[in-house]
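Only one chain is given next, in structure tokens, and it is the form predicted alone.
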């Protein structure tokens, strides 16, 4: 069945690519048939209206007890989370546009002392059907993955509720759902009862991430790296006419293979497949907001000694209240277990000798957000954490010393233009 599905998806994208290329060529022929004078006028208009630049930056400070996050934060202060992005978009034709964004990110030891620069997204967007009640189109290149409510803008501090995203957006495996090299089909349709939106991504994820590999094998000395096989992620959402309520369903089928690094490698032959789904719901009132998401991951890892087919369960509920127009408070409860059939990690500890709390995390988050101006934002937050499944093993190389109960104190300053 999976082979049949894969073949059908490949054929679908070949047809979609051919259709996209044909429509794009027709659009260029029809819209670029210009006189010399109109071309000169159009060139002046491009710089004034059609090219846009936007950017953002954020800097976080963290102090913790028990475990490190974003560098050496335990009983100290770490400035180890820095994110800077710059994007450019160009509306070439009425239905054809281009967009690219570069991202600098420093996130503790997972990105090194100097951080890393990456291509966050870069795609061409062809809107081949645009009518009064909706639109349809395709994007090709490196596209953001539509996972849950916050993934597509997870590095832009202004767009998510807290300094650290809920545990359903597991930071140790962020590359699994961050973006994809391939294509996206999208469609929006407005009805009398609300707006329906659909996105379908197909391609290859960014799997060559030491943090992702370590979250799977729990070995800081593994020599090889992961590569992606063809994968897909899809997202369907509904928003009421008054925009007070939003509901969404996301599904992902991610395939991975391990590339060994010379000589004898005990992990040679490791392959993985992750089927994941997420249900999302959100209410946004004038002052009060409420959000909840629930996610399951069926993880099948071939080539590991320990349980190679755990089912991970993640969920949270979150409430926010706008005290003033520019001042908000927030409360969230998070839960994440690596294996829903071993929620306390007892079987994991018996089989491996490693701490049982590597298999779960629950936390309570209290935060406040102050929008100083439309361009500047300041956040402060406190987390009480039970468990250690979400901590970075690069920031905490001694697994046996991981604390069960610990605290996080955080500040973040963000700017956008």
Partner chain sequence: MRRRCGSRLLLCIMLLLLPMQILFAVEVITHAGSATQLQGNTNLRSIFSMRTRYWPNGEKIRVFVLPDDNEIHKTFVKQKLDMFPHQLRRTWDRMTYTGTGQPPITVHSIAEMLEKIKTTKNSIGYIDRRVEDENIHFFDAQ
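Keep in mind that what you see is a predicted model, and the values were worked out from it rather than measured. Residue numbers count along the first chain shown, from 1.
The form predicted together with its partner chain exists for this protein as well; it is not shown, and the discussion that follows is about that form.
Judged by heavy atoms within 4.5 Å of its partner chain in the model of the complex, the contact stretch among the candidates 271-279, 102-110, 146-154, 203-211 is 146-154.
The putative spot formed by 81, 84 and 116 is not touched by its partner chain in the model of the complex; no residue has a non-hydrogen atom within 4.5 angstroms of it. Heavy atoms of residue 55 reach within 4.5 Å of its partner chain in the model of the complex, making it an interface residue.
In the model of the complex, none of the heavy atoms of residue 336 sits within 4.5 Å of a heavy atom of its partner chain. In the model of the complex, its partner chain lies farther than 4.5 Å from every heavy atom of residue 346.
In the model of the complex, none of the heavy atoms of residue 340 sits within 4.5 Å of a heavy atom of its partner chain. Contact annotation: of the candidates 175, 95, 228, 72, the single residue with a non-hydrogen atom within 4.5 angstroms of its partner chain in the model of the complex is 95. Annotation for 184-204: interface residues with its partner chain in the model of the complex are 190, 195, 197 [heavy atom within 4.5 Å].
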